[in-house]
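There is one chain below, alone, in C-alpha cells, taken in the form predicted alone.
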C-alpha cells in the first residue's frame, strides 16, 4: 500500500517527535492547504465561501479553543459563546477607538481581552471541577450575555444595540464591510485559523500540553509530581479564551458583518461543545471533523432534495435535516465514543500494518 513508513529513517529526536512523522502525512497536509488556499478561492462561489467555508473555519477555531480546555485539561466549560462575544465586543471597541490601526491587529488583540476575562472566571477551577465547574462557566455565559445587552457603551450607544462592523482595508484591499469580497474575507480567515491551529498543535505537543494532560488524567497525581494546578488551569483558561475570543472577532467582522447580543447565546456554546464531542476530545483535527458534521453536513442535506429533484417543502427539509443529523451523531458516538478523530487514527494505523492483523 501507499501509506507506509518503511525506509523513512529518523536520525534525530526532533524528527522522531515531529507532529507529522510520516512523509505521506506531510504530503496530505500540503494537498489540503493547496486546495484550501488555491482551489477553493479560485473556483468557489459566494455561497460556498460565505455560507459554508467561512463559518466552518470560525467554528473550527472556536472548537480548538474549547478543546484545549476541555479535551486536553479536562475542565468542562459551557461559556464558550460568551467568551466569543467578549472577543467580538473588544475588537469592535478597539477598532472604533483606533481606526487607523489595521483591523487584523485588533482581531488578535481582542483575544487577549477574552483571555483576561477567561482567567477571571477560571479562578474557581482550583476548588471546583466537573459538574460544578460547568455550572460556574454557565453562570459566566448568562452574566456576560446579560452584560452585552445591558451596556450600550459596548456598541458606542448605537440605537440598534448591535455591533456594526466598520470598513477596514489591508494593503488597500477591503477586508471588512460591504465592499470586502468573499474571497478576501475567506483568505484572511483561513490564514488566521491555519496559524492558530499550528500554534495550538505545537502547544499541546510540548511541555505545556503534557502538563495539561497530566492534570486531566489525575490532578492529585499531577500535583504530587510538582505541577502547580492553579497555574496550569489558569493558563488553560487563558489560552482557550484567547483562541475563542479571536474566533468571536472573526465571526462578527469577517462572517456576519454585524451582531446582536443574542448571537452569543447558550446555543452557540452548546454547538461548540457538540463539535468537540463528535470530532474527538483532545484532538486538534477533531475540531475540523466535528465542524464538518455540525455545520457542513446539514447544509448538504438541505441542498440534496433540490439537487436530485425531489418535491419537498423547505420546512420539511429542515425537519428531516435535524432528524438525520441527530441520528448520525448518535451513530458516531456509539461506534466510537472518542469521536471521529479516533476513527481517523485507527484507520491510519490499520493502513500502516495492512495486510497484517492489527
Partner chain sequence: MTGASDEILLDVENVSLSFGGVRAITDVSFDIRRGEIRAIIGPNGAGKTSMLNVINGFYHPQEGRITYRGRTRARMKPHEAARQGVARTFQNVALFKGMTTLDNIMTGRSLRMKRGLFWQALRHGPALAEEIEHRRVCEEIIDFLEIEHIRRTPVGALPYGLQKRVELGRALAMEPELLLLDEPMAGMNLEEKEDMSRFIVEAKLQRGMTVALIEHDIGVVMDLSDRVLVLEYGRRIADDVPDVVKADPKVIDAYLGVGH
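Positions refer to the first chain, counted from 1. Since the structure is predicted, the reported quantities are computational estimates derived from the model, not experimental observations.
There is another form of this protein, the form predicted together with its partner chain, and it is not shown here; the text below is about that form.
**Student:** Using a 4.5 Å cut on heavy atoms, which of 135, 213, 170, 123 is close to its partner chain in the predicted bound form?
**Tutor:** Partner contact (heavy atom, 4.5 Å) among the options: 213.
**Student:** Using heavy atoms only and a 4.5 Å cut-off, determine which of 187, 116, 105, 227 is in contact with its partner chain in the predicted bound form.
**Tutor:** Going through each option in turn, the one that passes is 227.
**Student:** Counting only heavy atoms and a 4.5 Å cutoff, which of 75 to 83, 268 to 276, 136 to 144, 200 to 208 contacts its partner chain in the predicted bound form?
**Tutor:** Result of the contact check: 200 to 208.
**Student:** Considering only heavy atoms, tell me if residue 13 and its partner chain come within 4.5 Å of each other in the predicted bound form.
**Tutor:** Close contact exists here: in the predicted bound form, residue 13 approaches its partner chain to within 4.5 Å, heavy atoms only.
**Student:** Would residue 17 count as a contact of its partner chain in the predicted bound form, using a 4.5 angstroms cut-off between non-hydrogen atoms?
**Tutor:** Yes, residue 17 lies within 4.5 Å of its partner chain in the predicted bound form.
**Student:** So, residue 223 and its partner chain: in the predicted bound form, are they within 4.5 Å at any heavy atom pair?
**Tutor:** Answer yes; at least one heavy atom of residue 223 falls within 4.5 Å of its partner chain in the predicted bound form.
**Student:** Within 4.5 Å, heavy atoms only: does residue 218 come near its partner chain in the predicted bound form?
**Tutor:** So residue 218 counts as contacting its partner chain.
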